[in-house]
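Shown next as structure tokens: one chain only, the form predicted alone.
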């Protein structure tokens, strides 16, 4: 497979993953993901590559950010795909507001755009006159599944903290709200809630500070598994094995942690299939099918040792 080269310097901070030479007889799909340091998006990339090989009727160009706060690189990627003249852009936005403007430009250029995984901000879309469907899971409902599992274990009055994702990302907001729904339903005591920007090492540091301030913490709700791993590392360093941790994503690295009790639960949103399914939907539109509308829900499932 040949790499489709992006113009040098045009996408600063962007990690190039896969692509094929432009072909006149096949549509070209540009896939924009978030941080490839995150195992969730590494697995998503594997799924997208396998999907392209299996279908064989389109060309794939996939890119991802170098870290979770490298927002500008996603904007640059959209601009580059417009210049390259791709047929479709399938995007998991890192910033739900900032990505609306460049994606509107892509739509105005006649490119099919599919927003998946993280929803674009509704108000920002209205301001730009953008009508675009969302393909993805119920992040609030998924977080509540994990939060409920923790609430059932701790019972009323259980002392918990939340480790949030990027403040500018809709899925971070929705997962925080889902955790807060569980806090309210099970009458938990929410001691603190802070962002760690989806990053493992930042979560380690943030939670370590939380634990120092609140040594009586009994449970942690982490908005993704990468941050949950950071929490587990902090607990191991502190010699604490009495605090329950839940996450979100079901990346392979947390499987052993759930099995041995270092984590209570996570939520599977089937990330390996997510980009592939969004590409299928984009190609349907490219090939003359109807525009997507509303919210195309994708599955979620609670994962525990049971």
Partner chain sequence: MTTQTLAETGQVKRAISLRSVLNNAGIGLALLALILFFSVFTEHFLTANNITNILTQITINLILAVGMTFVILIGGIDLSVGSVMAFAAVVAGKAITLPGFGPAEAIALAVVAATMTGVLCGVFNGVISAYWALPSFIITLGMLNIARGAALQVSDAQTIYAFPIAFEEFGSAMIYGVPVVFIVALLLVLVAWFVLNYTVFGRLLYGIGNNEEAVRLAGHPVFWYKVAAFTICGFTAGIAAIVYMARLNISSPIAGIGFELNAIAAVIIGGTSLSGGRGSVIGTLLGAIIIGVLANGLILIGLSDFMRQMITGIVIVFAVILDHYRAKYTAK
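Numbering follows the first chain given and starts at 1. In this text, all values refer to a predicted model and were calculated from it rather than measured experimentally.
As for the form predicted together with its partner chain, it is not shown, yet the points below apply to it.
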Taking the shortest heavy atom distance, is residue 110 within 4.5 Å of its partner chain in the predicted complex? no
Within a 4.5 Å heavy atom cut-off, is residue 155 in contact with its partner chain in the predicted complex? no
I'd like to check something about residue 250: if you look in the predicted complex, is any of its heavy atoms closer than or equal to 4.5 Å to a heavy atom of its partner chain? no
Would you classify residue 206 as touching its partner chain in the predicted complex, given a 4.5 Å non-hydrogen atom cut-off? yes
Tell me which stretch of 208-216, 140-148, 75-83, 113-121 has a heavy atom within 4.5 angstroms of its partner chain in the predicted complex. 208-216
Work out which of 264, 36, 28, 276 lies within 4.5 Å of its partner chain in the predicted complex, going by heavy atoms. 36
Exactly one of 195, 182, 96, 173 comes within 4.5 Å of its partner chain in the predicted complex through a heavy atom, and that residue is 195
Any residue of 232-259 that, in the predicted complex, places a heavy atom within 4.5 Å of its partner chain: 233, 236, 237, 252, 253, 256
